[in-house]
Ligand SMILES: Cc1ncc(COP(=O)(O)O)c(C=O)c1O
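Just the one chain here, the form predicted alone, laid out as structure tokens.
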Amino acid sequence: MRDITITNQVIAHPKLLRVARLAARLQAQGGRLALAVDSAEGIQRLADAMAQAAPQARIDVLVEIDVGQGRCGVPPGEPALALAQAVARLAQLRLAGLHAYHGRAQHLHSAAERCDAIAAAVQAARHTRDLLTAAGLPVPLVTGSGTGTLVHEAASGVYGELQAGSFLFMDADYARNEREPAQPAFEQALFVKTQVISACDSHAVCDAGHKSHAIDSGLPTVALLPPERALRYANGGDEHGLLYADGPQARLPALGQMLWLVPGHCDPTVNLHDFLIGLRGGLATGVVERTIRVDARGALT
């Protein structure tokens, strides 16, 4: 995002101005909007937007530290302290704590690897929190975690908020995680319905290709089949999926048969559809209760 300077007056980016107005509206209704920041420039731009669009309001700011994700965030420790001090100096901003999310750890399939990754994240978050506290800065919240590691952050005594979301649906990639005894067992709840549109001796073809489900975390699996009917889904392109018998005793589905796929990654699969069909009582024997509009469909900016 770029600012435009005219006669020494900074005009904030339109997106930041919209954020500032939203923060003001939420504050007026008793709510709060928080943003994560990882640069002095971003902090100043946010403060300028608040001063311009909502001078009577303040916005919560979380200093983001990189605890292993390798995406956004400053290094833990002194760099984070410097940013927190910059936030504290600006009247338009309120230091709300630290953002310490390790997304990569959620999908480490080994339980030991996940445990080790979050132990390092907790140590980094604790060290940074203690530095800020020693400098007289409040740290009311450390937020992070996810569905794959939430028991570790919850037990750490450092994190005050868990950002677990995928547990609501789960997906094929999470199903590959080695189970930890302390981790809650979440069921698969998101499925893509598909129909067999072609069949031959070697394989069958269904009508759910890559336009129907996200493949960034791998291909989907076929749900609700007994072992002797096990099928393997393979890449068939944008509109098609290839189905192969997965085992010497497995049988291919017949032409016209309906099947259910467990997507590889639930979040971006939901974003591909306008509606979800809500069933109560389970996929096999449940009944349709309501149609749920995906409000954020296509809302990518």
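In this text, residue numbers run from 1 along the sequence as written. If you're wondering where the values come from, they're calculated on a predicted model, not measured in any experiment.
In what follows, reference is made to the form predicted together with this ligand, a form of this protein that is not presented.
Asker: Considering 123, 163, 177, 183, which brings a non-hydrogen atom within 4.5 Å of this ligand in the model of the complex?
Answerer: Exactly one listed residue reaches within 4.5 Å, namely 163.
Asker: Though only this chain appears here, would residue 211 touch this ligand in the model of the complex if you measure heavy atom gaps against 4.5 Å?
Answerer: Judged by the heavy-atom cut-off of 4.5 Å, residue 211 is well away from this ligand in the model of the complex.
Asker: Evaluate residue 89 for contact with this ligand in the model of the complex, applying a 4.5 angstroms cut-off between non-hydrogen atoms, and reply yes or no.
Answerer: Because no heavy atom of residue 89 falls inside 4.5 Å of this ligand in the model of the complex, the answer is no.
Asker: Is it the case that residue 194, even though its partner is missing from this view, gets within 4.5 Å of this ligand in the model of the complex, heavy atoms only?
Answerer: Residue 194: no, not in contact with this ligand in the model of the complex.
Asker: Flag residue 147 as yes or no: does it have a non-hydrogen atom within 4.5 angstroms of any non-hydrogen atom of this ligand in the model of the complex?
Answerer: Contact with this ligand, yes.
Asker: Looking at 127 to 135, 98 to 106, 196 to 204, 72 to 80, which stretch has residues with any non-hydrogen atom within 4.5 Å of this ligand in the model of the complex?
Answerer: Careful reading of the contacts points to 98 to 106.
Asker: Quick one: name the residues from 262 to 281 with any non-hydrogen atom within 4.5 angstroms of this ligand in the model of the complex.
Answerer: If the 4.5 Å heavy-atom criterion is applied to this ligand in the model of the complex, 262 to 281 yields only 267.
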